[in-house]
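Okay, here we've got a single chain as C-alpha cells, the form predicted on its own, with questions on binding and movement later.
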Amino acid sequence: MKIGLVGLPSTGKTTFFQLLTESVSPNGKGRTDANIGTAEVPDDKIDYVASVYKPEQIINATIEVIDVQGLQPADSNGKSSSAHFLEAVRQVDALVHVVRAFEDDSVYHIEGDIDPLRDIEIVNLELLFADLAVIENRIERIEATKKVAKEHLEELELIKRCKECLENGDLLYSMDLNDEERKILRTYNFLTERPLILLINMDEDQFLEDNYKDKEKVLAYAKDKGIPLVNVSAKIELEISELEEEDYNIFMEDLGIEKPGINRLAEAAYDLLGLVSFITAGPRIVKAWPIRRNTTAKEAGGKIHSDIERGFIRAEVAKFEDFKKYGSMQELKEHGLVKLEGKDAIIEDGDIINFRFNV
C-alpha cells in the first residue's frame, strides 16, 4: 500500500519522509519528481512476540511512502506545478497532508504568512477541482449520447451525486456509498476518494504548549470533514531520531510524549488504509503480515505464498492477548487456546498463525 505526503512547499514534507523511511533525500526545493521509500509500521504486538522468541530477524509490516513535490499555486505567468502534483497523487492509496503551523522567519512561506486552515483548503481545492473536471466531462459525454444504456444512467446518477458533494466543498471519501458504487468510482481514479490525514507540523514551543495559530478552526474543520489529525514537530522528531536509547527514554519522559509523532502517523495511516497484521513466529523470523480487514484464513495464507492458499488445510490461530498472558505457544496449547480454524475464518489484528497446507 502507498501513502503520499502532500502539501505546499516548505512545510517539512521531505523531513518527515526521511524520518518515516530512515533515508536521506535531496533537498525538495524545485523538484518535479517524487521521493519514494518504505516505512516500517510500529507494532507493540510484534515487539512482544519477538521478545519471547528472540529470533534472528524481526520484520515489521511496511507501507510505501511517496514524498510528492510541493504544490506551487499558479504564478503571475499562470504556471503552476499542479500537473506534476496531481500525477504523483494518483499513484497513492491514501494522502497525508503536511500542514505548516511552525513559525520561522528563515523559512519562506509562498503565501507570505502562516495560516494552516488556508493551506489545507488550497490543497483540497486543487484535488477537488481536478475531480470536478473529470466528472463534468463524463456527464457531458453521457448526456450527449442519443440512447443511454441503463448502466450509464445509473453511473450518471452516481456521478451527479459526486458533483454535488464536491460543489459543497466535501471530499468524495466522505460519501456514504455501497460496494457497487465504490466499484464504479474506482474506474475514475478520483483524487478526493482517497483517505486523508492532516499532519500539523508545529515548532517546539507550539508542540509543548499544544497550540498553534487558529488551532480551534483547524480542529473544527477536521471534525466536520471527518479527517483524522496528527500533531507533530519536525524539530523534535529530528532530535529524537538521533538519540541513544537511554537518552531517548529520558527525552520522551521529560517532554511527556508517550510515542513519537512519526509512530502515530504510521499507525494512523495503516488504520486508515483498513489494514491489520497477523504474525508468524519462530526462532529464525518473527514477521508481521499486512492484510485487509475481514481477510479469511485461506486468503491470509496466500499473502505468505500462493501454495499455502492453494493447498490450505487448517490454520492454527492464537490470539495475541492470550499469548501475552501465558507467554508461550506451549502454554496456550495446554490451556486449549490455540484454535484450528477453517478457510473462512476471519483473521484479526495480532493473530499468531501457523498454516497447515499440502500441495
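Note that residue numbering begins at 1 and tracks the sequence as displayed. Please read all numbers here as calculations on a predicted model, not as lab measurements.
The next section is about a form of this same protein that is not shown, the form predicted together with a small molecule.
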| item | value |
| --- | --- |
| Stretch from 134-142, 101-109, 152-160, 190-198 whose residues place a heavy atom within 4.5 Å of the small molecule in the model of the complex | 101-109 |
| Candidate spot T11, Q69 and K235, all three touching the small molecule in the model of the complex (heavy atom, 4.5 Å) | yes |
| Touches the small molecule in the model of the complex: M202 (any heavy atom, 4.5 Å) | yes |
